[in-house]
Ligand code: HEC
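Heads up, the chain below is alone and in the form predicted alone; it's given as structure tokens.
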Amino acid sequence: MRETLAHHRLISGRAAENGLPGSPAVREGRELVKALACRRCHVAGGAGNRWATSLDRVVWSREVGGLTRSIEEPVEFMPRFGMGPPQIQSVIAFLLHGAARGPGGAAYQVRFAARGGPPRSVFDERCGGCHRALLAAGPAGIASAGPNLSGLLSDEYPASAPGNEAWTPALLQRWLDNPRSLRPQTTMRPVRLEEDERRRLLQEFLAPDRLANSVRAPRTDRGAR
């Protein structure tokens, strides 16, 4: 019993390096967060989109074991990254390193849809058969044949458009009109949208509160304290 109390919320392993200057674990975790594009949905280290939980607000309130399980067995709409324990520990070290201790502001955006409510989103109707995404109105899509498109038109989404460019509304429209004109080997077919559907789809990706719900990267990865 005394041993259990002594080790309660103990941070061990590579995650314990979160406060060390020049920590290799923090450095590796920073690169993994960038490579895995975690910030297209989460705020981490003071930067990112708030489509999902702000990790800066919750990481210090959870045990390392719980954080590890949330990465190993992610909730729906969160990708399975296939990281091993050392990499997961490095990610946690970086998250702890960049987050302020103590209580913060809102950590979640929770949205509910009542039966018999408004019609399904354009994304659900025209894209959701192959893709998933967290959008302004919440989760959309039912399949994973194509990439997860959460945060597609934000600065945090990987530069995966043809030519390794960032996705923009204009480029997305060209892609939907004729994918093979931009990437000849793609298996995606054209998606013919009416003008109103185009407008609504862009609004779903570009939430009206996007600027209020995104955080610019600070000068250092530690974020504001």
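Note that residue numbering follows the sequence shown and begins at 1. Remember, it's a predicted structure, so these values are computed and weren't measured experimentally.
Note that the form predicted together with this ligand isn't included here; everything after this is about it.
For the candidate set 62, 200, 174, 27, a heavy atom within 4.5 Å of this ligand in the predicted bound form is found for exactly one residue, namely 62. Not displayed here, this ligand is kept clear of residue 164 by more than 4.5 Å at the level of heavy atoms in the predicted bound form. This ligand in the predicted bound form comes within 4.5 Å of a heavy atom belonging to residue 150.
Using a 4.5 Å cutoff between non-hydrogen atoms, residue 52 counts as a contact of this ligand in the predicted bound form. Within 4.5 Å of some heavy atom of this ligand in the predicted bound form lies at least one heavy atom of residue 183.
Contacts between stretch 124-160 and this ligand, counted in the predicted bound form as any heavy atom lying within 4.5 Å, involve 126, 127, 130, 131, 134, 145, 146, 147, 148, 149, 150, 152, 157, 160, listed in sequence order.
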